[in-house]
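Quick heads-up: it's one chain on its own, the form predicted alone, in structure tokens.
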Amino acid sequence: MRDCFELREVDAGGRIGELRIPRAGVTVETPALLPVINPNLVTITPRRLAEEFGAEILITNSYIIHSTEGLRERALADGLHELLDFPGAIVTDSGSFQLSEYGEITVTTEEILEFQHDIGSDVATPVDIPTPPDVSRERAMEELETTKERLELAETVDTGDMLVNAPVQGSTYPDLREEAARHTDGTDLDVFPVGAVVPLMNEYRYADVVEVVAAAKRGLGADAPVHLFGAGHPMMFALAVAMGCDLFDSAAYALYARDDRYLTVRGTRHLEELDYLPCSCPVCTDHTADGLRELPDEHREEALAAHNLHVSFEEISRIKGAIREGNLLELLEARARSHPTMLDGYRTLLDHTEVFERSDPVSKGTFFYVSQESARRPEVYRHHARLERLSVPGRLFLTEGEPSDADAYDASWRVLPPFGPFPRALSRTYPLTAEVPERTDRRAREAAVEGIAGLVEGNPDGEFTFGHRGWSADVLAGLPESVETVDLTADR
């Protein structure tokens, strides 16, 4: 069923898509958040997830159900949807987490897939090997081979119209992740979770998460729906979506609530640290911080879990809006300032700008330069790459503003940091309508100089003069020697 996913809109690496889940008879819009339901310990009921939070899809653990006698009997007799009382799509994990935690489980890939089919799962998962970060290459390769064998075995199981996950493993070795992704992409399985990244996220190693996902994406087709297993904190949703991930599962809303922790898009706060509740969700409008603390334990846990879900679903909606408006990276730049390691993650993401540029729309709303990272966005990369298409008319004056002696040249082009030079006739085209602060930073000016250098390289017979306003000598040192520079500061 490899036609189950269809892209609708794209911004950088982020996309809005439709995941068709035939067994459930639903189509889920992505990016989508899958709340995790522990069938033995329910904090927010699945019915409430659907009716209050708008959850279209959730995930639960088929191995727990299989291993718990009463649950197993009920699931086989009544079906998973009846057991959980959930009207949307249900994804089931296989026990791979338990395998990674405890070293062994009592089911095979065939047995657990058949069980998931028998209880009415909509998206099932084989028993892969979730190799943790930083293990030896030999172990990562050996366990990856086992995962490949099990995925091939999964193809032989009659699963009907149930979709099947094909987890991408490989530890922290990008080449193994890419190899694993190419292998999974070559199967007839349906959804592609990037696995074993929770330890990286727990240690705030977001740069490593980006490299793992980037490697997996290199091996997957553009139409492959990607699930980032365990990415449950709203602080990093924008980064994960910009990487090209479509599905996220969150147990954090419940786990953190049990520890009196309060989620925000900027991080996590312990309830005892809060004097005010910086949120307008129903929980926070109905309670004060003191009021939440005074609730009985069970009620406080439920209230915190509900708040954590409201924040998480709200962030997913905000990200979808940003993709549609073409400003996902501007949202991400704001989110990246919430933690130094988030900024590491964003900067690592920008190392892959050349890849994102291929899918990034050539026209959007307005480009806002809001940080030095903006100079590395796909729009700037594309403009620099296209400068080689332009031919210059003899003697060319390049300047941020209007030259005082334009008649002395064959033409005058504008220089806009971070893009660099362009004919003035293009001033009303995206992204050259960019909003840029008057006090441009060093990185914006360096990027503009890179653009000038590219134009000069593509036109070796041209004569170039760059009129700047107080640009430093070390920034101007990036210009070819043939470019004459004039400081126009006195002309203001």
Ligand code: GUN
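All values derive from a computational prediction rather than experimental measurement. The numbering used is simple: start at 1 and walk along the sequence shown.
As for the form predicted together with the ligand, it is not shown, yet the points below apply to it.
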Checklist entry - Hey, in the model of the complex, is residue 96 touching the ligand, heavy atoms inside 4.5 Å? => result yes
Next on the checklist: When the contact criterion is heavy atoms within 4.5 Å, does residue 240 count as touching the ligand in the model of the complex?
Outcome noted: no
Checklist entry - Even though the ligand is not shown here, does residue 125 get within 4.5 Å of it in the model of the complex, heavy atoms only? => result yes
Checklist entry - Taking 4.5 angstroms as the cut-off for heavy atoms, does residue 397 touch the ligand in the model of the complex? => result no
Checklist entry - the ligand isn't shown here, but in the model of the complex, which of 115-123, 190-198, 368-376, 251-259 has heavy atoms within 4.5 Å of it? => result 190-198
Checklist entry - Even though the ligand is not shown here, does it sit in the model of the complex so that 133, 172 and 206 each have a heavy atom within 4.5 Å? => result no
Checklist outcome for this item: Note: exactly one of 419, 313, 229, 86 sits with a heavy atom within 4.5 Å of the ligand in the model of the complex, namely 229
